[in-house]
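Only one chain is included here, represented as structure tokens and corresponding to the form predicted alone.
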Amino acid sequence: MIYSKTAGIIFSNSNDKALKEFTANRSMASLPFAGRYRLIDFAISNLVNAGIQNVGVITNRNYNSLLDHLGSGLFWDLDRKSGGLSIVPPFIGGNSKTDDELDCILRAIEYIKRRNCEYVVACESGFVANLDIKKIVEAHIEKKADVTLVYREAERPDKFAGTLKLKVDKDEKVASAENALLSKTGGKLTIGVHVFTRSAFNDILSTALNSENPAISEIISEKTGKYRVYGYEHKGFVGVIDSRKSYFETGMELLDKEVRDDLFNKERPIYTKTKDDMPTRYGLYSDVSNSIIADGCIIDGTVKNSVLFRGVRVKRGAVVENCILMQGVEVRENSTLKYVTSDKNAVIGGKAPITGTNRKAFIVKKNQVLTD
């Protein structure tokens, strides 16, 4: 099978600075999402659903929560004696951004050297989508491509570092690829999932090692003339997490059933670490509508148009509307929260309403106590 000759690589710290309020002590890959998942769950599940059994996770810093989440890879069927999940920690430990990028590239090259593969699927960790990787790899092989870039049609340029804006012909061959950060308009924007032949992957990463700008996307854009580079459009739902605004907006989009049905496709499940907890308890005074509520919550107040992670407590008289509350958050009695994004284990509430807007949600940090 061709998928036994394909390896996957996930860069877990890609664009950490996009949500520095939430990535101070965790990587982008371990950022909680959709009530019970982490962002990395989508990349790993996409690879596993395609039959790829060799997955390497490149880590740089703040990876304790990621290690705890991934464990041996059991929940993704990657706990294997041969192949399976490999966590690739840093071995240079430089202090600059360039050192980090070079370190990632070196470790990605070393990881592939030890794998008997012909193709490489490389994924950033800041996207949310249910991709049919099998079809993408098949298209890559059919067109005899060296590089295939998965893209979406979008109205605005992504802020995500490494996003490319493509121009393609009717056969999807890439005529040009430029840094999307330089563009003021949307278009065909890559989502951070690329397929390479092994030789092209090694050449592009080796070139990056000797470049003043070691960003892989920049090297790809420079080599569109040398290699057979193709695009592959994903027409389903895509959330690109490139700012705290996009994190909030993407989380809110899950309240649309069509989005949930596309993202959590039963034919290609999204797997995550299983945590056994009691069912959510709804009190006599609870009022819940159009919300995603994870297990272990206790709801005695009003919750509307919100996403609540495991173990959230909304006490009597409290109103939570258009909010994303991560695990263990407590909302005090008679409090009002609107357009709030809260990290884990915060305690929130008081006489004064805590409100943001749909353009700029109010941020509560991990373990913060925000009461009067």
Partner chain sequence: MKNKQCVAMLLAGGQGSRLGVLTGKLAKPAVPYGGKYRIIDFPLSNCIHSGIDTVGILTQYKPLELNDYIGSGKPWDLDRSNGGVHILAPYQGKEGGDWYKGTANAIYQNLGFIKRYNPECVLILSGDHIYKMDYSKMIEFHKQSGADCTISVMEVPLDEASRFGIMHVASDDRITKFEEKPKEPKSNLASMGVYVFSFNMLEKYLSEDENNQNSSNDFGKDIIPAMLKAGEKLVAYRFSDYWKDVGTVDSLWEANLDLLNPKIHLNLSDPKWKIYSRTSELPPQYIGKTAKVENSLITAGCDIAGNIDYSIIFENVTVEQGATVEYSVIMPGAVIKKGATVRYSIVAQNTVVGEGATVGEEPDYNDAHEWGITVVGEGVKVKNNAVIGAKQMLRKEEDGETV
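This is a predicted model, so every value here is computed, not measured. Positions refer to the first chain, counted from 1.
The form predicted in complex with its partner chain exists for this protein as well; it is not shown, and the discussion that follows is about that form.
Y282 is the sole member of Y111, Y282, F237, Y227 with a non-hydrogen atom within 4.5 Å of its partner chain in the predicted bound form. For the residues V168, V88, I293, L102, the 4.5 Å heavy atom test against its partner chain in the predicted bound form is passed only by I293. Using a 4.5 Å heavy atom cutoff, Y37, L255 and D277 all lie near its partner chain in the predicted bound form. From the list 238-246, 177-185, 267-275, 130-138, the contact stretch for its partner chain in the predicted bound form under a 4.5 Å heavy atom rule is 267-275. A residue is said to contact a partner when one of its heavy atoms sits within 4.5 Å of a partner heavy atom; S289 meets this definition for its partner chain in the predicted bound form. Taking non-hydrogen atoms only, A215 never approaches its partner chain to within 4.5 angstroms in the predicted bound form. Within 4.5 Å of some heavy atom of its partner chain in the predicted bound form lies at least one heavy atom of R260. When its partner chain is considered in the predicted bound form, L74 lines it closely, a heavy atom lying within 4.5 Å.
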